[in-house]
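Heads up, the chain below is alone and in the form predicted on its own; it's given as C-alpha cells.
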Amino acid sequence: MSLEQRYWAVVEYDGTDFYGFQLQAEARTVQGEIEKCLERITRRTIRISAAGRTDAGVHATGQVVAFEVTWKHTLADLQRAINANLPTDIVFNELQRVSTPDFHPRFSAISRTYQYHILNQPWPSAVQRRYVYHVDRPLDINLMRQASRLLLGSHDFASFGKPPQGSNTVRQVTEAEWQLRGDGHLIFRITANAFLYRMVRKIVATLVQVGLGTIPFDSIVEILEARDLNSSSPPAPACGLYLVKVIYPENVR
C-alpha cells in the first residue's frame, strides 16, 4: 500500500481569467483549479498551501505550492498526470517530494521576487495587453531608477499597502531595479522578505509618476515617512505583475 507523501511544486499561471489565487466559493481561482485537478487524480479532497495569494489578474512563473497525496507511481508520472488534468492556463513546471517535515511554502520562505512589466509607447499592444501595463507618455527610466534605490533596506511601507495579517508594515527590500528592453518594454524587479497587500502595484504606480515628471524622485522618502496609503498612487493594473521567484533556506524543502 502506498503511503501519503508531501510534495512541493513550482507553478506557472496566466492570472487573467482567475479571481486571484485563493479559493473562492463562487469564482474561478488558481487554488480551486489545482485542488479539483488533484481530486480528479486521487479521488480524494486535497488542500494545498502556497507561498503567496496573488490578486485577480496577477500572473506567476515561480509560485510555490505544497500538498499531500497518496501516489503509487513515479514522481514524473504524478507531474504528467497533474499537467494533463490542469486547465491550459496553469502548469506545474517542477515537482519534488518534501524532505523537511515542517516545510510551508509561505512561512518557510526567506524572500520573494516580483516583476512588473510596462509597455511604454504611444499605442497599446493587442498581443501583450493582458500581460503589460501600457503607458503612452514617455517615461524617464533614470529618474525611476533613482527613486527605486530609495526603497532599498528596511522601511515601514504602510504608505504602499496593508499587511495580509497582523499590523506589522515593516519590510526589508533587497532588490529594486528597472530594466529597459529595446522594444519599449520596461521591467521592474523587486525582492523583499515579504510584501504587503498591493505593495508592488502601488510602488510601480508611484514610480511611474516619477518617470512622468509628476513628482520628484526623492518624494519617495516623504511618502514612506507619511505612513499613509493616500500618499502613494493608486495601484497599477494587475495584468503587469508576476510572482517570479520564492527563496528558501538551504535544505528546507
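We number the residues from 1 along the sequence you see. The structure presented is a predicted model; accordingly, all values stated were derived computationally and were not measured.
Keep in mind that the form predicted together with a further copy of the same chain is not shown, yet the notes after this line are about it.
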* Structure fact -> Answer key: of Arg130, His73, Lys162, Arg97, within 4.5 Å of a further copy of the same chain in the predicted bound form (heavy atoms) is Arg130
* Which of Leu151, Leu180, Leu139, Val91 has a heavy atom within 4.5 Å of a further copy of the same chain in the predicted bound form? -> Val91
* Give a yes or no on whether each residue among His59, Arg80 and Ser125 has a heavy atom within 4.5 Å of a further copy of the same chain in the predicted bound form. => yes
* Is Tyr13 close enough to a further copy of the same chain in the predicted bound form to count, meaning some heavy atom within 4.5 Å? -> yes
* Heavy atoms, 4.5 Å, a further copy of the same chain in the predicted bound form: which of 108 to 116, 141 to 149, 81 to 89, 162 to 170 makes the cut? Say which one. => 81 to 89
